[in-house]
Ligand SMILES: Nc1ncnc2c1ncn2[C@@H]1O[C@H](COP(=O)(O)OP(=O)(O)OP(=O)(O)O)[C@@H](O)[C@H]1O
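The chain below stands alone and is given as structure tokens, in the form predicted alone.
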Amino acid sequence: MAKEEKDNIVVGLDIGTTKTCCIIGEMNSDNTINVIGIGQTPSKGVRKGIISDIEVTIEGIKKAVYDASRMAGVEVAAVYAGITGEHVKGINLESMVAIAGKNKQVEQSDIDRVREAIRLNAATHNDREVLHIIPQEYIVDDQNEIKNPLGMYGSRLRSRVHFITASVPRVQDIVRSIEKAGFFFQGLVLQPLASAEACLTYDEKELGVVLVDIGGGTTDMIVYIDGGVRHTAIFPLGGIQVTNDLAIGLRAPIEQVEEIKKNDGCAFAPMVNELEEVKVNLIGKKTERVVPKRVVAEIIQPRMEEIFGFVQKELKASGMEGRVAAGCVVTGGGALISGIEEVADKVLRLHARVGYPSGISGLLEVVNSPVYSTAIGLMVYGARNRVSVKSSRQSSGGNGLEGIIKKFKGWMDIGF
């Protein structure tokens, strides 16, 4: 099948610690998305969500996108990429203006001024790249939880947003890697925000929910209440730490314990039958020994409890504890470990479920896994917010990385 570039194609690129994954979607006339291609390759140039070797990362991007492009039978010109790492910070901001409208009625000019106040606040963070300014609510005098204040009466108009920034060099590393791989950088999205696009329901966001995305090198969390983002955090712990714990505890090769973790691991030891066993090789030896599966679970559980312990501390420190009525949604590769819902329930004292991507069609038998939540979420986010590749190229001014970063600084769409 000959490849051709199409206007209705959107691409999500997840440059993770353990894998680089590309998913290609085709936007239908009813704005639904049909997955038509997927490609992935092991990541060897990324540590804890941060690019540590640009050249190796470039090759990984090329391989993942090429494989997805070949499967889909289309050319890929531009991608939406994810970003994570401890350098990413999220805070809640508020701005206020006096209502100057006739008869103290909120007019569009008042809304524009309160938005501009947020943008001016964002502009003061010169050493940081603004990723997202996500709306939470408007407040007119003392009335809160307003989605659209136009036409309301009052003397003061306030807006609350969640403001997310990242280290400028780390953003540049991602953009440069994508460009050098031969693709246009179309958008950069916080990874848990992308995963939430793929996994969370409308009701969960309204009632209050915490999404925990356990990746290879990091664990990302995002809290929604009343439909808006209220808190985000990233921890430098993930599946790699679990694998290392098993390698040390079982004195076995990393490649083997990775398979044991996936196929025989459990995050909640009480679920494991004490009579079940698994065969393990000692490091440097070909002889096998038998280890109870309960021992494997007893190594995995403390690390998983540590991860959810960080989530619990963040919920408490942010004031969100007790406000997430819909509970916890766990996604990412770590969500595939048996017993993950039980350990989340134990530590957080919340109802927990595993989050699978939803709202898409196409290669469901291939991508219906928490492993692909971020990549699919990037694609969904891109479909909702995309601009044409042609106009994006023109607005970058043809100045390569400098032009794209300049354009990216303008992507502070309040989104109200």
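Computed from a predicted structure; not experimentally measured. In case it trips you up, residue 1 is the first one in the sequence shown, and so on.
Not pictured, yet referred to below: the form predicted together with the ligand.
Enquirer: Tell me, out of Leu150, Ile240, Ala77, Val278, which residue has a non-hydrogen atom within 4.5 angstroms of the ligand in the predicted bound form.
Expert: Exactly one listed residue reaches within 4.5 Å, namely Ile240.
Enquirer: Identify which of Val161, Leu157, Ala198, Ile214 has a heavy atom within 4.5 Å of the ligand in the predicted bound form; exactly one of them does.
Expert: Looking at Val161, Leu157, Ala198, Ile214 one by one, just Ile214 meets the 4.5 Å heavy-atom criterion.
Enquirer: Any idea which of 140-148, 258-266, 308-316, 200-208 reaches within 4.5 Å of the ligand in the predicted bound form, heavy atoms considered?
Expert: Comparing against the ligand in the predicted bound form, the contact stretch is 258-266.
Enquirer: Please tell me whether any heavy atom belonging to Leu336 falls inside 4.5 Å of a heavy atom of the ligand, as the geometry stands in the predicted bound form.
Expert: Result yes; Leu336 sits at the interface with the ligand in the predicted bound form.
Enquirer: Classify Gly82 as contacting or not contacting the ligand in the predicted bound form by the rule of any non-hydrogen atom within 4.5 angstroms, answering yes or no.
Expert: Looking in the predicted bound form, residue contacts with the ligand do not include Gly82, since no heavy atom lies within 4.5 Å.
Enquirer: Does any part of Gly25 reach within 4.5 Å of the ligand in the predicted bound form? Heavy atoms only, please.
Expert: Because no heavy atom of Gly25 falls inside 4.5 Å of the ligand in the predicted bound form, the answer is no.
Enquirer: Using the partner position in the predicted bound form, report whether Gly49 sits within 4.5 Å of the ligand, counting heavy atoms only.
Expert: Residue-level check for Gly49: yes, a contact with the ligand.
Enquirer: Considering only 187-204, what residues come within 4.5 Å of the ligand in the predicted bound form, judged by heavy atoms?
Expert: Just Gln191.
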